[in-house]
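Below, in structure tokens: the form predicted alone, a single chain.
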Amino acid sequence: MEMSQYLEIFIEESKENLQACNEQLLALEKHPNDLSIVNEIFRAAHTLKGMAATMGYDDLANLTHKMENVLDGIRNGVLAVTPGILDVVFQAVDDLEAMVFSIADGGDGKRDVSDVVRLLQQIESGDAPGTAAEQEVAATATALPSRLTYEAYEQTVIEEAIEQGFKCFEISVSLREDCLLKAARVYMVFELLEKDGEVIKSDPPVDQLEEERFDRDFTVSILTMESAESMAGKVESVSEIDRVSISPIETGTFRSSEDTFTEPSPEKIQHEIVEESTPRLKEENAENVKKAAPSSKTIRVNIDRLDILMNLFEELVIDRGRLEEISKQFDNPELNETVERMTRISGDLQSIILNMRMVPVETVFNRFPRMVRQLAKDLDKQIELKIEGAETELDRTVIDEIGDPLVHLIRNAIDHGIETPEVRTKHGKEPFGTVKLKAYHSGNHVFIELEDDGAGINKEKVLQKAIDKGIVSSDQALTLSDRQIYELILSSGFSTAEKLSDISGRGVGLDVVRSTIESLGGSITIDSTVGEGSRFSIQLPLTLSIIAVMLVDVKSEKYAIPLSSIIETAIIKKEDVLHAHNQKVIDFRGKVVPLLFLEEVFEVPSEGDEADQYSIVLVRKGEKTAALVVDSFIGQQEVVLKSLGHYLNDIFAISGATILGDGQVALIIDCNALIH
């Protein structure tokens, strides 16, 4: 059976199972006596092992198996949960993650795990605990009428085999409701069974099983010398198996094809008994069946397909704009009505497609508990991480970019913000510090806040360091607000750390955080109180593909300036323009702002006319501002951001283009590139 088609699903599910292991291990650390948590970890590890074995990644499966043995010892009371054991299991999960990421990157998933395997074996008890299969399998010893129907020659084969000492079993397997690799699970079951016997028949037939043309249940009859318990245990070891039952078949208990419509199945017999004895139960069961019948209401869709769908819709938005323009020209009532209806429908469609691209921020947040645990251990601090609003959704593109900035902020909060237990106790605080990560929607933006109850930011120290490094002058320092002073720590090369560490202190992280957030069209602000803690607030747009811009004219060309970069617009007289350091500037509300003539920046052919006043758009990059000189303002509009492709990806200060309703192309200005 070709397995490569399942590779993507395998990788995604493996990541999910490893994430579940990490989360539950952290929970187990807090509640070491809660065996339900151990069972959750075991279940995730067990699924991972089965999937890895199915896909042929034996090293991954073997390491998971060793980890399972330790977990099995814990849940059977042979081992007690200790920090040492948890560290080793965490290490095993780390190695498993590295192997899965290796596979995702096109590697073979191999890794030297001899150290962690040795540690797991040292921890493992010498007693052989009962396997999950032995505990959970529901095997029956009583011979019942066969569930499958057999042709005459099949009955003869079975009877002769039984006479030679073989046993015949009908093994009914029920897959879990959320099983996505049904054909793969069937393949694994068949592979296991055929190692110990000969499969006689299956229901549904093999071709239907391979094509996944069945619900969750299938039955296999097999001739073997093994016991029913042994066979059941092996089948149950396959992941995503919900239930296994075995019925021994003896001579004379066959159902022939003629009996198909006269011999009720065991399930039917049971149903009829229920029907006769308790009519009310029958109704309840019927309702339950109706409720259980629908399968999962979610499907996995490759992000590339969504990108294609989004691109197609963006083309539709452009055509919609053109139609609106044409409609205005002709002023035909029927055409206007049709265009209005199309606008409404496409608006709904836009909302649906954008929602499809939304991903909960928990896909980023869920990596932090483990990271915080390790950092706290490395720094000998006690830290509790609280996460709120993990279900808040963001566009997939933004999600992919926001992870690293948050890692930088959390590492800095833990390294520089949270004090050691001794210092906290000395200042009358609880010995353990708290880092709170919170996400929420507001308008067309998502806010992510990182708050700690540590030492806060020393304003005077930051300001003095900034002056020493030449980031601000002494005169400028007098005009800065508290928030502006705090945000100086986001400057390149800035660090107040007295010593470097592996975690932070080189001053190369936070400026990257700000530039990344601003490149996403977002912003970051800092509030802090000495002795009480700090709060970093990040504001992000919901999506990047459709953005709000201001359209401006520069001679005969149109340009789009993202509204997220604009402070305000104004018209100034020519005589108000000043010169400083060979640069034209203006005094705008007491602040010297450089003028940037877009006509010169983008080398737009001049038409020779000279106006006596300038139209300017004030834009910002962090604390820096600039005034872009344009010919006129057209207005605000939502536009579709289109990439310029690989051949035009290095055009200065242009982040993309958009097609307007009249068919013209407007270049979108990257204000961050214009301001140095």
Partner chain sequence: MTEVMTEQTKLIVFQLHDKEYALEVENVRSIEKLEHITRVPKTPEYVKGVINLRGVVTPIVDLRVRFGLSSVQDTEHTRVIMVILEDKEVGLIVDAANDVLDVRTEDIEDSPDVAGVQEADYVAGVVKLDKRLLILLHLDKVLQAL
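Please read all numbers here as calculations on a predicted model, not as lab measurements. Numbering follows the first chain given and starts at 1.
Keep in mind that the form predicted in complex with the partner chain is missing from the display, and what follows is about it.
In the predicted bound form, at least one heavy atom of E603 sits within 4.5 Å of the partner chain. In the predicted bound form, Y559 approaches the partner chain with a heavy atom inside 4.5 Å. Although the partner is absent here, S643 lies within 4.5 Å of the partner chain in the predicted bound form, judged by heavy atoms. When contacts are judged by a 4.5 Å heavy atom cut-off, E315 counts as touching the partner chain in the predicted bound form. Judged by heavy atoms within 4.5 Å of the partner chain in the predicted bound form, the contact stretch among the candidates 334 to 342, 551 to 559, 78 to 86, 422 to 430 is 551 to 559.
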